[in-house]
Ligand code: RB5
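Take a look at this single chain, the form predicted alone, given in structure tokens.
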């Protein structure tokens, strides 16, 4: 699996921690930035990751900003993206099993590094269950497609 990573200044330090974690797990990733803690706009980094995941260049992505909310809003503007902010292990698991999340969004100012690693591990290992959940995700895609045509 190849992951696309992105963060703003508030998520930079957590992103760097997760890069080490992913290396240990032998998970391939590409870091789209930011590359330091200077103030920057989450939308600039969120769109880069979301577009590459939507195009299929990366299977999934991880975005990090202060609360996770700005990155989530940005990523979900891209058709085909199902970005989910996760603050715990349970939401990470269900975001994959029930929502087929393709971008995990973390909160650099809220989520500690050890919990973030557990969230990432759970999210990477969980698999989409399909069935009634597929029907629901398909409805989301239909809503998205409706507005793409207008």
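Numbering follows the first chain given and starts at 1. Bear in mind that the values here come from a model prediction, so they are computed numbers and not experimental data.
What follows is about the form predicted together with the named molecule, which we do not show.
A.B. asks: Using a 4.5 Å cut on heavy atoms, which of 50, 116, 62, 65 is close to the named molecule in the predicted bound form?
C.D. replies: By the 4.5 Å criterion, the partner-contacting residue is 65.
A.B. asks: Picking from 25-33, 91-99, 120-128, 65-73, which part of the chain touches the named molecule in the predicted bound form when contact means heavy atoms within 4.5 Å?
C.D. replies: Single hit among the candidates: 65-73.
A.B. asks: I'd like to know whether residue 109 contacts the named molecule in the predicted bound form, with contact meaning heavy atoms within 4.5 angstroms.
C.D. replies: Yes.
A.B. asks: Could you tell me if residue 133 has a non-hydrogen atom within 4.5 Å of the named molecule in the predicted bound form?
C.D. replies: Flag for residue 133 set to no.
A.B. asks: Since only the chain is shown here, I'm wondering whether residue 14 would be in contact with the named molecule in the predicted bound form (any heavy atom pair within 4.5 Å).
C.D. replies: Residue 14: no, not in contact with the named molecule in the predicted bound form.
A.B. asks: Even though the named molecule is not shown here, does residue 19 get within 4.5 Å of it in the predicted bound form, heavy atoms only?
C.D. replies: Answer no; every heavy atom of residue 19 is more than 4.5 Å from the named molecule in the predicted bound form.
A.B. asks: Quick one: name the residues from 13-50 with any non-hydrogen atom within 4.5 angstroms of the named molecule in the predicted bound form.
C.D. replies: Result: 42 alone.
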